[in-house]
Every structure is written in structure tokens, then in C-alpha cells.
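One chain comes next, on its own, written as C-alpha cells: the form predicted alone.
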């Protein structure tokens, strides 16, 4: 990452955030899974269940260090599979974090879950500690495509998982779907979407499958054992998802996210609006007032640092004005509400209407963006060409 410090010279992130406004968003990383999915490039590890207890204790201790600096309004527990632990362990680590930081002001507390990792005891534990939203990694309702994706659950587990959430009075749930899986036809995709809609979620995340570096899928593709991505096919699947979800009352509020009015993910909106957040756990990233950092990725190394009383920070950097402006563009233009250029100027001193007048005029002329006052947003084919739009708006002096 540009400007990142080495582990030997990272700053004391607790010291540099002293006196800053209390941070309203918290991310918690649970890096353990039953099995590593072949498309996943997240910091996740299978076959290390014996580390759960030690890791949970380290999470709680790191949370204690942030007491007085974090006043969480949103909490998101991601992974890995945060529910890949028994009900007692789940309640222990989540309840311990809540007690360490004081979650009196939390409005939205989301946890990711895989359908096969949920049971009634776990949902009761989630509700006791205060979790009020679950993001369920369904990915597909077709067992053939689940097998391709290397998932450990079956389609029936997804339906049963939603039933368990409803029986356990989980206030909100979101479904994750993967689009354009190898071998998946548009008819298959339409059936997946219909089954999702029939379950009446308040929120759906529908992501086109991506081939990331270091994943088994990318290796297979390079060996010619899996077809390479086809942008036209991917757009067909994404457009179908947009049409079917909109018809069901789920409005697109971000390139890959759809919700009923008022059910948008508040935590993810904070990321896309470039707000400040603290991340705890192995590999977790943080962003506070133009400084960002990440913890060491390996769970055992992370726990060891916490146990030794050391910072778990692997690297940190101060983000200069051009790169901070780029972050605003990268994240803000993903939202249908768009990006407030006045906010960008206040944070970075960069006035896009001046520095990028030629580029903005070109994008407006081609109908890829709209500029209403000082709010810039994608329109029409702009969503399909978002990466191109963003490239045109890169600050010229950024690295």
C-alpha cells in the first residue's frame, strides 16, 4: 500500500487518536472457517478451531484498549465465519467485546453467518448480547452452483437458516448472492433471485463473482480448468439482478446492494461515505481522520502481540490529500446517492470542478454521471462503467 510503514516503525495508533472525536463505527474480525472457499481472498483460516479461545480473549483485550475512544453506533462482525464457534463461545466473545466497550448507543449490530453454521442456540446467544441484524451467506439456492463455489452448506440449509433467524426474533437479515458463477445460466440466476425474493428479505447483496489473486479459482482459471470472466455475461447477470430486485421493492442504493427503504446497511454506508472506523482482530483495518492502519493478519501472531501487551499493528500510513480524495471517489461513487464534492474539498482542499473540469464535462456529455449542485453521481451506463469513470477522476498528483 502506498506510504505504508513497516512493522518496525508503526505509530502508536492509540496515542495518535487520543483527543479525537469518539469513533462511531466498529469492525470485528473472526478469521476462522469450516473450510476456505476457493474464490475467497479474505483473511480466513480453516482447520484452526483449537485457537478460538485464545483468539477470543485477544479480541476482548484489544477492545478494552479502545474504551473511551469508540462510541459505537454500528458494529459489524465479519470473517471468516463469525458463527463458526459454539453458542457458548459466540456469546462469550461478542458479549466480552460489548462489555469492554459499552454498547449502549449501538443502533445496528450485524454479524455474518453461513447457513450451515447457524442453529437456534446460536441465534438466542446473538439476541442476548444485542445483535439485531444478520448477513446470511446464501450465495445460491442451487446445490450444483454451491458445489462449484466450494460452499459447505446446501440450499435447504439457507431456507432453514432464515427460519431459525425468524423464530429467534432476529429483527433484520440480509441475503448474500453471488452472480455469474461458472456454469450458471441466466435462467439459473433468475431462479436464485426468485427464491431470494420469496423469502422477503429487507436487504440483498448481489456480487458478481470476482477472481482475486491468490485464490484457488484464479489458479484454476490460469490453468485453463475454469473459464475466464466474461464482462458481457457478468453485466447480463447483474442487470437481471437489478431488475428482479427492484420489482420486488428492493432499491439499488450501492452498485451491488439493494434494500427496502430504511433497511440499508448503516455500517457499510459509513465505509462508502468515508467515515472513521476502528477494526479489531487479525488483519482488521482502521481509518481515523486521514490515518489508516491494519493489524497483523495471522490469528496466532495477533493473539501473541496482544498477550505481550504490544500493539497488533502491522502497518500504518497517513493518507495525503490526493489519495484521500481518491478514496472519496472510489467509495462514494459506488452509492446511488453519489458523492458530495463539497465534502471532498473540505477534507482535501481539492475542488474537482476546477481540477477535473475537462473530465467532468466529458463524463456529463456521455451521460455517465450527473452533477446536481455539488453532488456527483453515476447514472445510466455509468454504473456499468464505474471503474472507467473512477479512473478519469483520479487526482493527478496521486501515486
Partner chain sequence: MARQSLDHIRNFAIVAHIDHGKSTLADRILEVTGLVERGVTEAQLLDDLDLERERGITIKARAVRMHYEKDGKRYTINLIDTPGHVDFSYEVSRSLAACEGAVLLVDATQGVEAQTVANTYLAVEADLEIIPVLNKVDVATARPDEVAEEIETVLGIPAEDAMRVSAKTGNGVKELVDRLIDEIPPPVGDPEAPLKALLFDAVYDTYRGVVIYLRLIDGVLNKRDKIRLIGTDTEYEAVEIGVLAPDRVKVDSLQAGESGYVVANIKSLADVTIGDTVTLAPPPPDLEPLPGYRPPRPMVYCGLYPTYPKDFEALRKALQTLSLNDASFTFHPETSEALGFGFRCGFLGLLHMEIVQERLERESDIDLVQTAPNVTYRITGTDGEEIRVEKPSDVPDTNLIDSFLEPIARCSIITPTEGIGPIMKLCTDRRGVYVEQQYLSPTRAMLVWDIPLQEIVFDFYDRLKSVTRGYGTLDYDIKGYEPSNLVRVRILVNAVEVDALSMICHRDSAESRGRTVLKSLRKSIPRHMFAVPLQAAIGGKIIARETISAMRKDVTAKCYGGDITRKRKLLEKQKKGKARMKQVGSVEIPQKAFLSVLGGGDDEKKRR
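Positions refer to the first chain, counted from 1. As the structure is a prediction and not an experimental result, all values here were calculated from the model.
The form predicted together with the partner chain is left out here; the points below concern that form.
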For this chain shown on its own, do 148, 173 and 221 all sit within 4.5 Å of the partner chain in the model of the complex, going by heavy atoms? no
Using heavy atoms and a 4.5 Å limit, would one call residue 375 a contact residue for the partner chain in the model of the complex? no
So in the model of the complex, is the partner chain close enough to residue 132 to count as touching (4.5 Å, heavy atoms)? no
According to a 4.5 angstroms non-hydrogen atom cut-off, is residue 231 in contact with the partner chain in the model of the complex? yes
Would you classify residue 84 as touching the partner chain in the model of the complex, given a 4.5 Å non-hydrogen atom cut-off? no
Partner-contacting position among 386, 379, 20, 11 - heavy atom within 4.5 Å of the partner chain in the model of the complex: 386
Heavy atom within 4.5 Å of the partner chain in the model of the complex - residue from 255, 311, 152, 100: 255
Residues in which of 66 to 74, 50 to 58, 344 to 352, 34 to 42 have heavy atoms within 4.5 Å of the partner chain in the model of the complex? 34 to 42
Using a 4.5 Å cut-off on any heavy atom, which residues of 271 to 304 would contact the partner chain in the model of the complex? 271, 272, 277, 285, 292
